[in-house]
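Next up is one chain by itself, shown in structure tokens, the form predicted alone.
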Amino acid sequence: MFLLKGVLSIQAQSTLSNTFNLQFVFCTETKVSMAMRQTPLTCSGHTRPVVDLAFSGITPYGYFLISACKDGKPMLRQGDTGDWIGTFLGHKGAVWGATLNKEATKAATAAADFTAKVWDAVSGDEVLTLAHKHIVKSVNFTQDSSCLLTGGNDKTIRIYDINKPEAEPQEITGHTSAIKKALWCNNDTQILSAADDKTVRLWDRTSTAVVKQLSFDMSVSSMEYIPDGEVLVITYGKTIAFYNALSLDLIKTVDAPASIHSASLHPDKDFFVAGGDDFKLYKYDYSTKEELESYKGHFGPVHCVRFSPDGELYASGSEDGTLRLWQTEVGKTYGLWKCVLPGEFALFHIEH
């Protein structure tokens, strides 16, 4: 079942009450973005902590954003504005993971009701329910959307053929604790997984053998895979680490002021952002590792952060139950942000 914008309930209509208004950024003629104030768009509607989010690729209709929440109701939004599109209804427990395929035609969710679900992201219809033996934490589509990768508390990675729902999934075992994240990599020929056993493992899809393994002193809190350049972003404790995704060779590490739950690398690899226990979003220069900006916009720890596919913004999800959208380049007219030069604001109000 899909709760659609404009169809049901006043509550649905007000899901993004804070994002329907233009956010004005006052610019000087020199347009020095570093001196401008970051004005995030707040996306409300969830009633519990937001624990995962993901963007689609860029489609003819723009790009889209899906969020996973402990309220059990994953939401689909327009990616560049945060405008609510619909809510996927059907899970009977907290939703821990959510993803979209590149074309934004399919969605998948992982939940505490021991299921992963595949949805038609256009109609909102539930396409498949995939039963598991324990809580499911992670879902990820292959590039052609034909297979779904899942991982969770039963320590097993599973590969489902979406076109053959009656077939048993391929299973990959080896982790000794709950799997937090499982991602396709290397053109879907390999799999990356992060688990509470303090390891990150690279698996061969065909043989299901471990190709490489990383071990840490503590559990990994998040993992992001960047296909362009084969970069793996891992967070643990206060550390943000970057690895070559194919060799698992370390590229660099950066230590943040607080425990970090999630980090994301800009598509152009100029910057990366991170968020965690201190409610803040940090932005760093990827080359120099210099902290460029930090903002406190949430009222609880930040659980997830991701750059949009065009790199113009990044989204964060928090314990406070909201998502926020942040501009990569403050002061640029984009989405619901409008750069207003001196004298233009009064004219805008006269005209509107």
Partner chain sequence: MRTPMSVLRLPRGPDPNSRGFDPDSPRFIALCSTTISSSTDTETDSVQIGEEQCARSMLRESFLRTLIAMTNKQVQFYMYERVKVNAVFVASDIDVLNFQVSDLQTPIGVQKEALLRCQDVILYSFDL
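Computed from a predicted model, the values in this text were never measured in an experiment. Numbering follows the first chain given and starts at 1.
A second form of this protein, the form predicted together with its partner chain, is not displayed here; the remarks below concern that form.
Q: Taking 4.5 Å between heavy atoms as the contact cutoff, choose which of Phe88, Tyr282, Tyr243, Trp96 touches its partner chain in the predicted complex.
A: Checked against the cut-off, the match is Phe88.
Q: Although the partner isn't part of this model, could you tell me whether Asp161 comes within 4.5 Å of its partner chain in the predicted complex, counting any heavy atom of the residue?
A: Judged by the heavy-atom cut-off of 4.5 Å, Asp161 is well away from its partner chain in the predicted complex.
Q: Could you tell me if Gly174 has a non-hydrogen atom within 4.5 Å of its partner chain in the predicted complex?
A: Contact with its partner chain, no.
Q: Report whether the minimum heavy atom distance between Leu214 and its partner chain in the predicted complex is within 4.5 Å.
A: Result no; Leu214 lies far from its partner chain in the predicted complex.
Q: Ala104 versus its partner chain, in the predicted complex: is there a non-hydrogen atom within 4.5 Å?
A: Taking the distances in the predicted complex, the answer for Ala104 is yes, it comes within 4.5 Å of its partner chain.
Q: Would you point out which of 314-322, 61-69, 282-290, 301-309 contains residues with a non-hydrogen atom within 4.5 Å of its partner chain in the predicted complex?
A: Heavy atoms within 4.5 Å of its partner chain in the predicted complex occur in 61-69.
Q: Going by heavy atoms, what in 270-284 lies within 4.5 angstroms of its partner chain in the predicted complex?
A: Going through 270-284 in order - heavy atoms within 4.5 Å of its partner chain in the predicted complex - there are no hits.
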